[in-house]
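The chain below stands alone, shown as structure tokens; this is the form predicted alone.
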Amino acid sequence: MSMRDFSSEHFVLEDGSKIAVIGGGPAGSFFTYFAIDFAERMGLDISIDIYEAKDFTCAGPQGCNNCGGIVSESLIQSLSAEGVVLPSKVIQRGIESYTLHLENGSTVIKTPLEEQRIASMFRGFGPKGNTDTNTASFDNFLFGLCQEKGARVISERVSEAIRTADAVTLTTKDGNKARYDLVVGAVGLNGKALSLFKSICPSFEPPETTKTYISEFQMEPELIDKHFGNSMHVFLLNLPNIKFGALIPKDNYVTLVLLGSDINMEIACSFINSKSVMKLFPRGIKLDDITPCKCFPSINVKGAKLAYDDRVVLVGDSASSKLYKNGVGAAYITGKAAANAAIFNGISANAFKKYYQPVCSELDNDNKLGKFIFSVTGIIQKSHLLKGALLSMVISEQHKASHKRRMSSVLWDTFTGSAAYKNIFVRCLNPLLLVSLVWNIIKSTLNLIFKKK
């Protein structure tokens, strides 16, 4: 039986087929990289044009894709297995540990396997004013891999798309037109671009989103080493709308990421000015004076519906992502899956439904468990008693063998995106973890009683 779905032979890529990828970020680059790789294995001669108006070699908004800039160890392993090794210029800093901050205190959570496999990086060339020639963009690195494989880059914005039975015609703002056998949407959560796909994919319903916050603090590397080290600082504070915040050290910047729902400047300031955050920075420093960039990017909190049609498929944040974490990892998963479906099974809506949609559905279903996990985290955030128990438990675990740091590994994977929420949820039900948590809650309760006396 053939590897392809020939239920509609009209919708199969052949020698000479042309593909357009709109968006050159990770999702678009991963689709392109794997589509060319799979086609080569099949002996299929295709061409791919990537439409991307941003310049990832530029500092500031012109080259930025609004991301905190963490690549998890699981993604690094997956990329290495595919022959994609991040160069040293892309990696701003190797993250050796997480430091968990609560109002009750803080503790370091060591990497479960004692390895430096988490990397902080910039999606573009860095914040406004960055002149560090040693900086390289993660997105530009992936973009370059696609060009090396033969993809053509068109530095224009697509303004119109028309789908017919045998092709999709794209028109750019400069008035240039081209016909393609398949069009791939990797446009993130850009409203105008998603509307463009709505016109050629009528059943498509865009993802649900919420506003987050990202800013950069420029500091000398020596100060970053002294005050932040090679640790990502994660905060579970009782503040409105914030699920968690993180300060990510890089070379000469520290990136602040706030994840939650509808975060505005007032909420961001309440976090930045909290005692737990301020004590990390050098005394007397004025944070407003060292913040060259800040933004309120949208994130995907509920996946799109029917992100495909005949000759059309959307990937990455435009389709399905990972809730509150590892968007680059989701771009890798969906980009590769869509490429696999298109090359080996066809480009009809039926082919994408059968071979691509299950991957998106798995991410979406996993995110439902993620929402439950964060609802529990929200309860902990509001309770001084529960936070004290959690902190005590994590501190005691740091003196145990790595396989016995059950709560620490759960928190590690929750923050890094190294494991699926389903995996995390199952580990939370471990009787030994639950017994330890209950015991620490009892100890915290007794401590509070004795303090009152």
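Bear in mind the structure is a predicted one, so any value in this text is a computation, not a measurement. Residue indices: 1-based, along the sequence shown.
This protein has a second form, the form predicted together with a small molecule, left out of what is shown; the following refers to that one.
S.K.: For the chain seen here without its partner, which of 400-408, 62-70, 383-391, 38-46 has a heavy atom within 4.5 Å of the small molecule in the model of the complex?
M.R.: Heavy atoms within 4.5 Å of the small molecule in the model of the complex occur in 62-70.
S.K.: Wondering, does residue 52 line up within 4.5 Å of the small molecule in the model of the complex on heavy atoms?
M.R.: Heavy-atom contact with the small molecule at 4.5 Å: present for residue 52.
S.K.: Against the small molecule in the model of the complex, would residue 297 count as a contact residue? Criterion: heavy atoms within 4.5 Å.
M.R.: Residue 297: yes, in contact with the small molecule in the model of the complex.
S.K.: Please tell me whether any heavy atom belonging to residue 123 falls inside 4.5 Å of a heavy atom of the small molecule, as the geometry stands in the model of the complex.
M.R.: Looking in the model of the complex, residue contacts with the small molecule include residue 123, since a heavy atom lies within 4.5 Å.
S.K.: Any of the heavy atoms of residue 249 lying within 4.5 Å of the small molecule in the model of the complex?
M.R.: Although the small molecule is absent here, residue 249 would stay clear of it in the model of the complex, with no heavy atoms inside 4.5 Å.
S.K.: Here the chain is shown alone; which of 348, 367, 140, 326 has a heavy atom within 4.5 Å of the small molecule in the model of the complex?
M.R.: Contact with the small molecule in the model of the complex is made by 326 alone.
S.K.: Work out which of 183, 338, 331, 307 lies within 4.5 Å of the small molecule in the model of the complex, going by heavy atoms.
M.R.: It is 331.
S.K.: Flag this candidate site as yes only if 187, 212 and 315 all have a heavy atom within 4.5 Å of the small molecule in the model of the complex; otherwise mark no.
M.R.: The answer is yes; 187, 212 and 315 each reach the small molecule.
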